[in-house]
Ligand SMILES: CC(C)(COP(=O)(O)OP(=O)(O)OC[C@H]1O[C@@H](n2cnc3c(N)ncnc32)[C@H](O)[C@@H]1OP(=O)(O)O)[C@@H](O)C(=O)NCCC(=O)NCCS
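Okay, here we've got a single chain as structure tokens, the form predicted on its own, with questions on binding and movement later.
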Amino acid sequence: MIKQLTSWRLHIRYEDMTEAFPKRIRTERLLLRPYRWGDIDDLMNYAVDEEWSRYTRPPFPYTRENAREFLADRVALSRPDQKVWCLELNNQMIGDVGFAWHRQSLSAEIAYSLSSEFWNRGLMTEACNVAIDTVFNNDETLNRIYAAIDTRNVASIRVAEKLDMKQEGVLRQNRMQKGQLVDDAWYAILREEWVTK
């Protein structure tokens, strides 16, 4: 049975991270659910797109072997400090939203990705809104959610701003991205800011 979003209050032990959150969440248009092996063709449909790949970490060109390795990680999701939901629209997997927890700082990093075929429809904002709400409502120790976004990725920055995340700064030449040093804009929202939205 698919759970509608409600207010759960659970104290999360990080070794139980993958068990602490609902596996499936419905929004107005999307189903957030775990990855499965059958998503490989949908993944290949958009991961081979150079426009989608431009600001993301997966390699380009993207191969079926890359997709198998990615799904092996996502289907098993053996890292207890992470939670990832893929996004399904009309029975098609079109992207994902996920979190990596940093226990000592009571924070989690959000990352999100969407097939370019579905850009500019508000779908990523819709997915991130419900995902952030879910993690704040399920992990009472979580204080801050942040994103590190390539400064050239205007669409992802726009999503962060629609989520009322505030820019905290820019780390210049912060990491190597496809052979080029890139700047990362850091955006974040605190629990107290989210609950007053």
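In this text the structure is predicted, and so the values were computed from the model without any measurement. Don't overthink the numbering: it's just position in the shown sequence, from 1.
The next section is about a form of this same protein that is not shown, the form predicted in complex with the ligand.
S.K.: Would you classify L123 as touching the ligand in the predicted complex, given a 4.5 Å non-hydrogen atom cut-off?
M.R.: Within the cut-off, so yes.
S.K.: With the cut-off set at 4.5 Å between non-hydrogen atoms, does K166 touch the ligand in the predicted complex?
M.R.: K166 lies outside the contact set for the ligand.
S.K.: Residue-level contact is defined here as any heavy atom of the residue lying within 4.5 Å of the ligand in the predicted complex; does T56 satisfy this criterion?
M.R.: Although the ligand is absent here, T56 would touch it in the predicted complex, with heavy atoms inside 4.5 Å.
S.K.: Heavy atom to heavy atom, is I149 within 4.5 Å of the ligand in the predicted complex?
M.R.: So I149 counts as contacting the ligand.
S.K.: Between the options L32, V159, I132, L142, which residue brings a heavy atom to within 4.5 Å of the ligand in the predicted complex?
M.R.: By the 4.5 Å criterion, the partner-contacting residue is V159.
S.K.: Taking the partner as it appears in the predicted complex, which of 32-40, 48-56, 134-142, 66-74 has residues with heavy atoms within 4.5 Å of the ligand?
M.R.: Checking each option against the 4.5 Å cut-off leaves 48-56.
S.K.: So which bits of 86-114 sit within 4.5 Å of the ligand in the predicted complex, heavy atoms only?
M.R.: Result: Y112, S113, L114.
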